[in-house]
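Provided below as structure tokens are two forms of one protein chain, presented individually as structure 1 and structure 2.
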Structure 1
């Protein structure tokens, strides 16, 4: 374990050295995604100036849910972006074979190969939104709530990564796994808003099938003192379970990997 941590650190340093060679594009990349978040938030702001309640949720409460999903998504973006590019960049080119002959876990190698700076902007926006709305709403940061912020951020991030891993394994068969991943990943958009605005089928889907609800709605509900928020303590178990499935499926997929002949 410590060996892998040390290794990750070395990979990260190398990656940052490369990124610092192109400092302007590093900053642009990290900052640009903020504009997409700003557009959505501005829209919600405009609407909620007119109607102060979204199904019983105030502007700040809605923003906290939005903040959580932005935060947890950024973890995936920073540390596991290669699950998007595995097909195009590694498998199609044959570069993936390199991972198989090295004395470390191929999945670890794939993820450590590229820290993605574009997620940094979303991380900052997400954490800022959660903190800002908690201040505006006068939420008292007790120990369990502070703990929840950390637990939910990590678990939510892992849920994102695990779901992307499960779908990325399809690249061993179809090469470009991006459309398969998008099919599942895009469901996180539902979790930008309180799940209570949707019909029951959608909130069940986002809780028990594609559980992005645990990356935003449930932890936010917990911080807001809503009863349903207690479910949020399940998030580390759900994250661990999905990751277990994802890793087993990855190993299964690896056995089918035959290269593309490039």
Structure 2
């Protein structure tokens, strides 16, 4: 484990050196996601002006849910963005083969090969929303709540990464896995709002099948003191289970990978 942490640090330093050669591009990449999130938050504000309460959830409470999903999604965006492009960037061009001839885990190498600075903007927006809304709502920060923020951020990020990994494995057969990944990933848009506003089928889907709810709704509910929020403590176990499944899928795909032939 220590070896891989040291290796990742070296990969990250080299990536940051590359990015900082074009500092304006780095800053614009991070700032662009902040602008996009600002537009989305404005849309939520407009809706909540017309409907002040969504099934018992106020504007600030909805914004906290939105903040959590933005925060957790940023972990995936920063550290696992390569899963989106594994097919067309690595497999189709033959570049994936180099991961197979080096003395480190191919999945680790794929993830460490790129740090996406765009996710930094999402992280800033997410943490700012969670903190601001907690202040506006008068939430008293205790040790369990601070711990939940850390646990939910890491676990939610792993949930995003694991679900993307499970779907990205399809690139070993169909080359471009983006449509398959997006089919699952886009469900996180429902998790930007409280799950209680949806029909029960969607709530169950986003809790036990595609559990993005554990990256947003349940942690926010815990901070807000809602009883259902206690489910948020399951998030590390769900994240670990999904990552286990994702890695097993990955190993299965590797066994059938035959290269480009070039």
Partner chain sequence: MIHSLNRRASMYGALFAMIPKMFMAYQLWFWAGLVMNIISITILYFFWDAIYANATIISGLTREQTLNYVLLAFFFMPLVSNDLLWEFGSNLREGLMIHHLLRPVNFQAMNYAQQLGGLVTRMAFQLPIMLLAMFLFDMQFPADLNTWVAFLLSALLGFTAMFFFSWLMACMAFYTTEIWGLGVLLEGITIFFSGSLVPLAMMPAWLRGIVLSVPFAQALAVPVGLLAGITPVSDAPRIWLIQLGWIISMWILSNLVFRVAVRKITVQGG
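Take the two forms, find the largest set of C-alpha atoms that superpose within 1.5 Å, and that set is the rigid core. Residue numbers count along the first chain shown, from 1. Quantities reported herein were computed from a predicted structural model and do not represent experimental measurements.
Of the two forms shown, the form predicted on its own is structure 2. The Cα position of residue 200 differs by less than 2 Å between structures 1 and 2 after fitting on the rigid core. Fit the two forms on the rigid core and the C-alpha of residue 50 turns out 3.7 Å off between structures 1 and 2.
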